[in-house]
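A single chain comes next, written as structure tokens; it is the form predicted on its own.
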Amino acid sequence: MRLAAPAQTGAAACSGSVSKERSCHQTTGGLQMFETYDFLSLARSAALGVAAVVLVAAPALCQTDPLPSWNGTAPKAAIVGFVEKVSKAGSPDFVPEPERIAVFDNDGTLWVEHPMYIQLAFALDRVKTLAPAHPEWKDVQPFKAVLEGDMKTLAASGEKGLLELIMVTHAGMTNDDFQKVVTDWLSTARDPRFKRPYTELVYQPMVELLAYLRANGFKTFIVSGGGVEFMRPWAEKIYGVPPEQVVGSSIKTEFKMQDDTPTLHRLPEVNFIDDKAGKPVAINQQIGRRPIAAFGNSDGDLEMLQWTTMAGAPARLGMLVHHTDAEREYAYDRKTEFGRLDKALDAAAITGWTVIDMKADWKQIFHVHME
């Protein structure tokens, strides 16, 4: 269930910044009290947006460890060491705050992507919802396969078939209408294995990492192959990432006056695919700065990590989430249709990217305890 947690996470509420300017303790009644504080420090934190409302915040308001769901293994040390280097004034690797850009893939990096991408599950449900108005679909692929639950035939339709599904289920309405459809679906849809809303299947360690980076002057962006308008309605509530910092794939839109109201109407035409080599292009076009940290989990993120880390000074960080925990989540890498990690895993050994072993490096997987 969604915990109506306060705005602060462990990283943001207390010892989130590397320079620990204040301390706190938890009373026996569970209330967090500041023992000492620096008013200017608090004001600065507020200005950085550290107190933004994030419903997936860590359970405690105040923690000395900004990454409590991470085990004390190499990836956690790499994160903390990197943040210290780039945020400490006087450090040879110091990076001014405007240049502290971190980019995150979404599917498989911030939330679950098996047994299929969540946006694909949305598209399949939309086909079933729209089917009564399209009786011809029962005889036309790939719609016939969806309606019959024939995933093998659907997979055989390849990229062309999946693209046809996306165009039919994501277009023909205004952006506002589409966002409402997405929001309504997420409020009722449940993951087939965990029986939870998809928005609860976000990775708690990564949510803590997002907050920790923001507490240290980073601006965090989502750069995903998923649809940008599919992610924007909920990304701020779940991750603390506002819609203007969400970069993704898109279909074309056109401006229309509808009943004397200006609208953007969604067209069944691809505008941009934000995957693989498209990610650096989108980062350059929409962010305008080269990131200094990038986090992904699949070959679709390879070029984004290359663009981020293979650029010389200043210090840079590249990390890959490796799904190794079949008991608490899933275990997969080179042989999977969703989130294949093959070429990027090989590249990590050459480039020095840090590979996060989900089973070994994370104490907790999801925001809600299910383990």
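One rule holds for the numbers: they count along the sequence shown, beginning at 1. Since this is a predicted model, take the numbers as computed values, not measurements.
Note that the form predicted together with another copy of the chain isn't included here; everything after this is about it.
Novice: Pick from 173 to 181, 191 to 199, 210 to 218, 131 to 139: which stretch has non-hydrogen atoms within 4.5 Å of another copy of the chain in the predicted bound form?
Specialist: Selected range: 173 to 181.
Novice: Taking 4.5 angstroms as the cut-off for heavy atoms, does residue 243 touch another copy of the chain in the predicted bound form?
Specialist: Output for residue 243 is yes: heavy atoms within 4.5 Å of another copy of the chain.
Novice: I'd like to check something about residue 271: if you look in the predicted bound form, is any of its heavy atoms closer than or equal to 4.5 Å to a heavy atom of another copy of the chain?
Specialist: Yes, residue 271 sits close enough to another copy of the chain in the predicted bound form that at least one of its heavy atoms falls within 4.5 Å.
Novice: I'd like to know if residue 229 sits close to another copy of the chain in the predicted bound form, meaning any non-hydrogen atom pair within 4.5 angstroms.
Specialist: Within the cut-off, so yes.
Novice: Spell out, yes or no, whether the shortest heavy atom distance between residue 310 and another copy of the chain in the predicted bound form is within 4.5 Å.
Specialist: Heavy-atom contact with another copy of the chain at 4.5 Å: present for residue 310.
Novice: Please determine whether each residue of 253, 303 and 306 possesses a non-hydrogen atom within 4.5 angstroms of another copy of the chain in the predicted bound form.
Specialist: Contact check passed for all of 253, 303 and 306.
Novice: From the list 71, 157, 91, 286, which entry has a heavy atom within 4.5 Å of another copy of the chain in the predicted bound form?
Specialist: If I apply the 4.5 Å criterion carefully, the residue I get is 286.
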